[in-house]
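Next up: a single chain in structure tokens, the form predicted alone.
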């Protein structure tokens, strides 16, 4: 059985027991979590979230990329969120490469030119969290009074550490 078939079976079972179809569109806790797509992170379990509590934006590295900012704008302007947390994590794949390495791999493997793409890798977790918080705070498209905090999630212990 393919992984998609397994997923579809699990969804059918979930849908049979589903009782939360009346939740409002705005997140109840007025919270947005920007975190990595790493499969070892389950934001609901790790951060105490239930359906309807928060918006969770995930991408490689949990970076405040243009698309993440687009989602933050929609979340804050149209759905009333007021708190943003940026969460990067230990043992992140974004620490393992540089732009030029991935660009060269794409050229060799696919014949693709990615010379204009910034994949947003980083070499220091604390610095990357601070950069993303600064990007969010300095965006002209986001309110200046938003609460923006940063954390590093330890994939080995499950603990969060605040980045000041």
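Residue numbers count along the first chain shown, from 1. What you are looking at is a predicted structure, and each value in this text was computed from that prediction instead of being measured.
If you look for the form predicted together with another copy of the chain, you will not find it shown, but the lines that follow are about it.
**Q** Does any heavy atom of residue 125 come within 4.5 Å of a heavy atom of another copy of the chain in the predicted bound form?
**A** The answer is no: residue 125 has no heavy atom within 4.5 Å of another copy of the chain.
**Q** I'd like to know if residue 100 sits close to another copy of the chain in the predicted bound form, meaning any non-hydrogen atom pair within 4.5 angstroms.
**A** Contact check for residue 100: no, nothing within 4.5 Å of another copy of the chain in the predicted bound form.
**Q** Please determine whether residue 130 contacts another copy of the chain in the predicted bound form, using a 4.5 Å cut-off between heavy atoms.
**A** Looking in the predicted bound form, residue contacts with another copy of the chain do not include residue 130, since no heavy atom lies within 4.5 Å.
**Q** Using 4.5 Å between non-hydrogen atoms, is residue 136 touching another copy of the chain in the predicted bound form?
**A** Because no heavy atom of residue 136 falls inside 4.5 Å of another copy of the chain in the predicted bound form, the answer is no.
**Q** Is any part of 47-63 within 4.5 angstroms of another copy of the chain in the predicted bound form by a non-hydrogen atom, and which residues would that be?
**A** If the 4.5 Å heavy-atom criterion is applied to another copy of the chain in the predicted bound form, 47-63 yields 47, 48, 50, 51, 52, 53, 54, 55, 56, 57, 58, 59, 60, 63.
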